[in-house]
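Below you'll find only one chain, the form predicted alone, shown as structure tokens.
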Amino acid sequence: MPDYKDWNWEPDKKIIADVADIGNKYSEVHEFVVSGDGEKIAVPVKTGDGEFTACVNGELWDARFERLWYPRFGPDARLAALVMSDDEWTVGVDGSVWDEKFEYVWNTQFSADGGRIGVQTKKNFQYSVCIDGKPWENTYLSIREFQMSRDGATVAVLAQLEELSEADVFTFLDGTWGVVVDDKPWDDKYMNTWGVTLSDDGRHVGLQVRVDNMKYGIVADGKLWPEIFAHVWEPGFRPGTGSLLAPVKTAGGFALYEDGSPIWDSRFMQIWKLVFSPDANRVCAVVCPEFGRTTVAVDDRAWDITFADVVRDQVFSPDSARVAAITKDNNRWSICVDGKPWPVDFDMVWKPAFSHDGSSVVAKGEQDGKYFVAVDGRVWNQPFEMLWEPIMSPDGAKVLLRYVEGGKYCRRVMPLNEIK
């Protein structure tokens, strides 16, 4: 995560770039992205016949490419984009291009401070990883679920380690997929692997595996949990520890296990999407207490209210006391906090954020093609042409808004009470 304390939190409105002018100046303008601190806005633009580059705050990168795609700002506000020249792909970072070239690159990942950047790669029909322009020595038949530790020192992927001929059932049953950590494959192989996850310090690796036709398990640091299950979902490490939690299907329904043993007494039709509190003492998940109804369970206690369509993107307050989540019911999106739904709904809503003291929740919503900021269930009556998720200040008294209004991209810090 970026260090919010270093950002400019003085109440102010600043016009960063004229996006309407950018749209008029170039024949192709793709999706805009903004940096976390709101100081930069970038977009791929077509500057000539078969020529693209990145436009940042209205200024073009010097380099030109046949294609420029998937621009993303890292936590340190550097812009990384996938670029192609002479039919070869690589990564451009703030206009500088990595030396290594590939058939394709994708899935850009950043370390927590933005200091390291990695992508998945394909070259000569082999797959691998490249970190800061340096590719792994080994290549693999296929890779997926590229994960980087917070400090960027550890990288894990799921990889196909054994070649599988057509109709070779026996090799498939023996296992062809495994885990590769920092370019070193684990010894064990499985029929299938999913949900690779790393602990915060990168010292521990966990994943879900298929060990037989209808049997699944959880692997932590190369060791399979003793109990095998009818199904499992993506595990997660409790922050600051090497303790691994996972939803697993038992005879009584889905349960939550930690290091191979149940920690919740309740059983549900489904459990997904584990989220841990900042103090690491609490955990919440999306659960189905009955068929067709979904809600949030916090420390084995499900909210009384349930939803017909979707529950997702749960978030704890900084003090670990409260939980908010996105909900969808009867095709309308909203926010629910501690089991109490907001009285307003939207065509779409984005991940909520708590104030530092946990007293307020802010979220971005869309209604009839316009974007709005909502706080504690009240919608600020200022519509925007574009809007990115609001960010709370470290002291919880202010909110950072990044938006387009009147064709201008603006960065504005304002007291939260003014919106409320």
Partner chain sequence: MKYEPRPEVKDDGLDESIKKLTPEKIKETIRFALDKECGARLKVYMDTCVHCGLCATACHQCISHDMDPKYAPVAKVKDTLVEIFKKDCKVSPEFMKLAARIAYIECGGCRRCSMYCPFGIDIAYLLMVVRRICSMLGVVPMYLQDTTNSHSVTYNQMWVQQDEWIDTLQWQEEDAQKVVKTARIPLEKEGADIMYSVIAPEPKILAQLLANAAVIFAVAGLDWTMPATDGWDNSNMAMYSGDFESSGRLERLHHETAMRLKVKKIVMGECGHAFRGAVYDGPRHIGQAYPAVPVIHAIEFYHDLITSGKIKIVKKFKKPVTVQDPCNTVRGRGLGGKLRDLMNWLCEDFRDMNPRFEHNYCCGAGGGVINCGPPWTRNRVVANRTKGDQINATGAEVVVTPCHNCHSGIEDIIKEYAPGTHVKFISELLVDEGCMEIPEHLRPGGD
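Bear in mind that the values here come from a model prediction, so they are computed numbers and not experimental data. Residue numbers count along the first chain shown, from 1.
One more form of this protein exists, namely the form predicted in complex with the partner chain; it is left out here, but the text below deals with it.
The closest non-hydrogen atom of Asp313 lies within 4.5 Å of the partner chain in the predicted complex.
Pro343 falls outside the set of residues with a heavy atom inside 4.5 Å of the partner chain in the predicted complex. At the 4.5 Å threshold, heavy atoms of Glu366 reach the partner chain in the predicted complex. In the predicted complex, no heavy atom of Asp62 sits within 4.5 Å of the partner chain.
Checking Tyr257, Trp98, Phe276, Trp333 for any heavy atom within 4.5 Å of the partner chain in the predicted complex turns up a single hit: Trp333.
Among Ser320, Asn192, Asn138, Thr241, the residue placing a heavy atom within 4.5 Å of the partner chain in the predicted complex is Asn192.
The candidate stretches are 277-285, 295-303, 161-169, 147-155, and the one lying within 4.5 Å of the partner chain in the predicted complex by heavy atoms is 161-169. Using a 4.5 Å cut-off to the partner chain in the predicted complex, each of Glu31, Trp89 and Ala230 places a heavy atom inside that distance. Of all the residues from 405-420, none has a non-hydrogen atom no more than 4.5 Å from the partner chain in the predicted complex.
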